[in-house]
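As a starting point, one isolated chain is supplied in structure tokens, in the form predicted on its own.
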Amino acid sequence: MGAEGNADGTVGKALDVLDMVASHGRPVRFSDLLAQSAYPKATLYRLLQTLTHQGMLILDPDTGTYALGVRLVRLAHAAWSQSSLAPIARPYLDELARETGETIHLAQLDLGQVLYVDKRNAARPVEMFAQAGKVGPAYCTGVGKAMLAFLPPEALEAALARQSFYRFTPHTLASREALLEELEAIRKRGHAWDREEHEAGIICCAVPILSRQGRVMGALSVTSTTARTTLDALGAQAPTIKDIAAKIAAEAESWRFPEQV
């Protein structure tokens, strides 16, 4: 959470407060926010008032709780349409889901973490953490590692500084050194694994979505369970996943950066 001296000024502080409200996943009281916040009471109250007046938050007068406002829904929809790969990738995710019968995830990096922007459930769905709109760790997910591996050095350093290296399972890569070694292997083979690193029993094969210049645009994965398949079987899907990723990248570039005739 940002401190009173947030380098991004009032805008940075306001975004800190939005993140704080969102992190609760439910309407939250001022007292709870104050206990969590690094801001003085008067500063926090002023920020909450401004965000409420602007429709970014709503205040329930009966319960005295704050929740995210509907203006954010409009902004989120615009961001999804303009900045997310999801609208472009939709038919390709459908194609990959039909071919594999497994769960498909589309993700992008968000401040060093994984933002899941779209998903297709397996023919026999499995409950798992990753859902469209959720944010997950980059260091222990297939899509996260696939993207980290192809970041330029400066961007990679910034992303690594944001990783917690919390050990979710016995298979989690829980140190910077172990992750860097893994990223080098990913660069050589062109795809990443999730070896039950984030959730027990959940495995995946993931590939980066790269522009023609090698810029990381996102990542795509085929995900399953150890009860249903093996890493080797998922690895056999890597050429297909890479082909789909290349199609998404080509269309995204044509959409965002059309050739000048």
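Position 1 is the first residue in the sequence shown; the rest follow in order. On a predicted model such as this, the values are computed, not experimentally measured, just so you know.
Here the subject shifts to the form predicted together with the DNA, a form of this protein not shown in this document.
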Any idea which of 33-41, 225-233, 211-219, 195-203 reaches within 4.5 Å of the DNA in the predicted complex, heavy atoms considered? 33-41
Check for me whether the DNA, as it appears in the predicted complex, comes within 4.5 angstroms of all of Thr169, His171 and His191 - heavy atoms only. no
Closest heavy atom of Arg29 to the DNA in the predicted complex, within 4.5 Å or not? yes
Check Gly9 for me: does it contact the DNA in the predicted complex (non-hydrogen atoms, 4.5 angstroms)? yes
So in the predicted complex, is the DNA close enough to Gln54 to count as touching (4.5 Å, heavy atoms)? no
Going by heavy atoms, what in 208-228 lies within 4.5 angstroms of the DNA in the predicted complex? none
